[in-house]
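Given as structure tokens, the chain that follows is alone and in the form predicted alone.
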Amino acid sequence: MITFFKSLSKNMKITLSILGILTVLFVIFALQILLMGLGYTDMDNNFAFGAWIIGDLVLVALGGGAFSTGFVLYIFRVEKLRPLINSTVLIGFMCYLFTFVFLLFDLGQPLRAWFGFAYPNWGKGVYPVSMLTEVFFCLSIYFIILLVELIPTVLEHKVLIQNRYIKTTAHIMHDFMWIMAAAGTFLSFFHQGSLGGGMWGVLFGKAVWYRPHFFFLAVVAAIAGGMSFMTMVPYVAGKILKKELVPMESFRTLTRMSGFMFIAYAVFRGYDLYSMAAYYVPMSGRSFLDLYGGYYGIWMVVVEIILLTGPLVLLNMGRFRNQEKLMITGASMGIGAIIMSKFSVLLHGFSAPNFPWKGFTSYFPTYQEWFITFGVLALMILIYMTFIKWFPLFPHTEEGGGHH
């Protein structure tokens, strides 16, 4: 390991050192939170979730690109996306894995994590009373599906693939991966909507959140932003490695789909803001702008709308999308719009008082929360770098291609 580290370039050594330090700090503060309790966070009765709930919703939303990209490839047979699929599955897997990690800290009872399976909050018949029960089951099952989808990539390691039994297993799993893609899309549709919007939209006591269509808005947001995210990660990795990991035509195909979905999201989001201002917020006896005062403000919604113009223009007009820098700018702005929407929904939702006579509250994460958040991001980068180095994440770039 030391020899390998010494063989790296200076910039790579610095990068790995920073990621390593963040990972160590993540472990230290994770143990502090898990062993000594949530008193080391800024949570209170107003902010029942910490900073990590934003990480949860962002990771799940952007990880939604895994189910949409896989569905388009395996069901609609858009073969131009083939070079992206292994990377897409890995990103989706990491997004869901670390969603569970964030939830572990947010809920504060890691020893009771199995209660979700052992004591689910089922109602009469075969449907859950609690939205969190549905979220828990869908997240868990889809995580297992992503794990199954990732197995062929691991089996195709240049050493493992020499074994004919392993090679046959990987080949068979590839042939039946369309089943996983279909099942994953079905499950992801529900948990994207429930965790991303439905869980909050049913709370009629919270004027910032309550609207019945919030479930479906979250699904559209995940598809649009997720596809752009699945473009950005391998693109940035390729620039760092100074190597074309994915053909530009694959990027353009995926960003074109993302741009189209951003049109649907923009229309839906416009209706969402209008319906809040005209109908749902007045039901609580307040105006729309009354809910966006205090610590955060309406500026977050304005920034989201500004960012949203990027994918609408740059990803939907061919003359812009065919220019690499403009295409990446559009995808980046689209990802930023989705992230900002999650920040806006959650921060305003917890900040705005339930009753008009109460004041706004604010939340500022403790340094433990910051380092756990940055540590998760560092771990995701390290895992992705490991797969690029040691596994056929982009098999078409290797000599002899790979199983397609």
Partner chain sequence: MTVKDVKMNRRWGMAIDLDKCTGCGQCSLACNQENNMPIFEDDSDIPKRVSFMELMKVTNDRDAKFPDVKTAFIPKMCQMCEGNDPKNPNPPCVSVCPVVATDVGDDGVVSQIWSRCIGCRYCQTACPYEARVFNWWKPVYEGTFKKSLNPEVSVASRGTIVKCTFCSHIWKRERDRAVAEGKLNINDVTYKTACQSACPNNAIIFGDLNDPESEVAKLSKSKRALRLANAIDLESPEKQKEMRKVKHFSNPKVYYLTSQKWLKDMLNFRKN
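Between two forms, the rigid core is the largest collection of C-alphas that superpose within 1.5 Å. Residue numbers count along the first chain shown, from 1. A quick note: this is a predicted structure, and the numbers were derived from the prediction, not measured.
What comes next is about the form predicted in complex with its partner chain, which does not appear here.
Undergrad: Within 4.5 Å of its partner chain in the predicted bound form, do G20, T253 and S341 each have at least one heavy atom?
TA: The answer is no: none of the three residues contacts the partner (heavy atom, 4.5 Å cut-off).
Undergrad: Please pick out the stretch from 331 to 339, 371 to 379, 35 to 43, 55 to 63 that is in contact with its partner chain in the predicted bound form, where contact means heavy atoms within 4.5 Å.
TA: Only one stretch qualifies here: 35 to 43.
Undergrad: Only one of W200, F143, Y292, F216 gets a heavy atom within 4.5 Å of its partner chain in the predicted bound form. Which one?
TA: Residue within 4.5 Å of the partner: W200.
Undergrad: Which listed residue (F76, Y279, F176, W299) meets the criterion of a heavy atom within 4.5 Å of its partner chain in the predicted bound form?
TA: Looking at the other structure, the residue within range turns out to be Y279.
Undergrad: Report yes if any heavy atom of G318 sits within 4.5 Å of a heavy atom of its partner chain in the predicted bound form; otherwise report no.
TA: Output for G318 is no: heavy atoms all beyond 4.5 Å of its partner chain.
Undergrad: Classify N121 as contacting or not contacting its partner chain in the predicted bound form by the rule of any non-hydrogen atom within 4.5 angstroms, answering yes or no.
TA: Output for N121 is yes: heavy atoms within 4.5 Å of its partner chain.
Undergrad: Can any non-hydrogen atom of Q109 be found within 4.5 angstroms of its partner chain in the predicted bound form?
TA: Q109 belongs to the contact set for its partner chain.
Undergrad: May I ask you to check whether R286 falls inside a 4.5 Å heavy atom distance of its partner chain in the predicted bound form?
TA: Taking the distances in the predicted bound form, the answer for R286 is yes, it comes within 4.5 Å of its partner chain.
Undergrad: Taking its partner chain in the predicted bound form, which residues of 348 to 384 have any heavy atom within 4.5 Å of it?
TA: Residues within 4.5 Å: F350, P353, N354, F355, P356, W357, K358, G359.
Undergrad: When the rigid core is used for the superposition, does Y367 move between the shown form and the other one (threshold: C-alpha shift of 2 Å or more)?
TA: After core superposition, the displacement of the Y367 C-alpha between the shown form and the other one stays below 2 Å, so no.
Undergrad: Once the core is aligned, does P356 move its Cα by at least 2 Å between the shown form and the other one?
TA: Yes, the C-alpha position differs by at least 2 Å between the shown form and the other one.
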